[in-house]
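First, one chain by itself: the form predicted alone, in structure tokens.
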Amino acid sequence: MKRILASVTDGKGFDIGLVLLPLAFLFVMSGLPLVYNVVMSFQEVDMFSLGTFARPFVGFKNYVDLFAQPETRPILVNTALFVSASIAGQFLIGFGLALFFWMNFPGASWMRGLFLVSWVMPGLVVGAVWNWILSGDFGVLNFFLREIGVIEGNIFWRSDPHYSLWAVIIANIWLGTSFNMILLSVGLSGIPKDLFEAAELDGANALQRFFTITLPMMRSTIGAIIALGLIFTLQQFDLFAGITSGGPNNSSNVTQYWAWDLSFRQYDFAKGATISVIMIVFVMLASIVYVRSTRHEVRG
């Protein structure tokens, strides 16, 4: 014991201690709940057996029953649409804003800071704000669309099955655009301006410089933003709770909200854990693809 204490006090083993402490914290706070969730997906769990770990083992029955439910396929399609549309919208608008503020015109810095308001706002507050904006009777969005001649009558964004999912997508794009803009602005600032000056001297126009210099130099940043966007979008819960509650008739329901609904409304904890495990698998696969695609950037 004295030897161990001496190794810490004289500096030897101190680095190992710095690593072990956060690893132990992550294992207790993240690793054990993750393992517990995976184990629960292979067990029969109800309110009476939730407090004990010794529960009947049912194998893959929860997974088979889950995919046999008629609402599973529409919810998975909704999730794919929500994730792809949100990430695409946040990235394209954020990249456009980053390029716009990259011109460094007077007032660009404080205007860029104003866009962070949406990112620092709590999700439930954003949901409440967009709940008013998307109101079918007195919503600002309907008023704006009528004024410019896009629609003639009101659209009930939250209660119409054709528009309910898009209502949450619009709110989520607004919520995550500023985060994409900031990260992309950091990536743009890291590109040497000498490359653009040399390309301009060689006769390259703005579009050619964008595709031959900007995009290749931003590849690692873009990969990181898409990976983070996938993770943040898959864990988005507040907007669904604040705007549509997954309705009407599951038209705006997605896996993350469905997992909560099954666990804490229907008290089917095993099915909720099963959905969470499936989501974890998709996130891990996306992370592996991202790491493999950016491996040469780390080596370079």
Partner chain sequence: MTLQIELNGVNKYYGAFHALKDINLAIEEGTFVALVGPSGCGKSTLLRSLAGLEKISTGEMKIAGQRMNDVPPRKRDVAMVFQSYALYPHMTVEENLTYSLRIRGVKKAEARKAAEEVAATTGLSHLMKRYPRELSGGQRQRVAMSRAIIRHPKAFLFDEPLSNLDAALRVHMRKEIRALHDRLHATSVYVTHDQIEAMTMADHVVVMRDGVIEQQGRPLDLYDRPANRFVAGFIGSPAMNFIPAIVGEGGADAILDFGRTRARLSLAARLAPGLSVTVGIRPEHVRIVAAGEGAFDIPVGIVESTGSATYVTAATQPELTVVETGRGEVKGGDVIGLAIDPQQLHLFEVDTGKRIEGEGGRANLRFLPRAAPHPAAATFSPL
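Numbering follows the first chain given and starts at 1. Here the structure is a predicted model, which means the values were calculated and not measured.
Only in words, not in the display: the form predicted together with its partner chain, which the text now covers.
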Pick the stretch from 67-75, 212-220, 87-95, 153-161 whose residues have a heavy atom within 4.5 Å of its partner chain in the predicted complex.
-> 212-220
So, in the predicted complex, is N131 in contact with its partner chain at a 4.5 angstroms heavy atom limit?
-> no
Residue contact check: I148 to its partner chain in the predicted complex, 4.5 Å heavy atom = no
With the cut-off set at 4.5 Å between non-hydrogen atoms, does S135 touch its partner chain in the predicted complex?
-> no
Would you please decide whether N205 lies within 4.5 angstroms of its partner chain in the predicted complex, comparing each non-hydrogen atom pair?
-> yes
Scan A199, L99, A80, L228 and let me know which has any heavy atom within 4.5 Å of its partner chain in the predicted complex.
-> A199
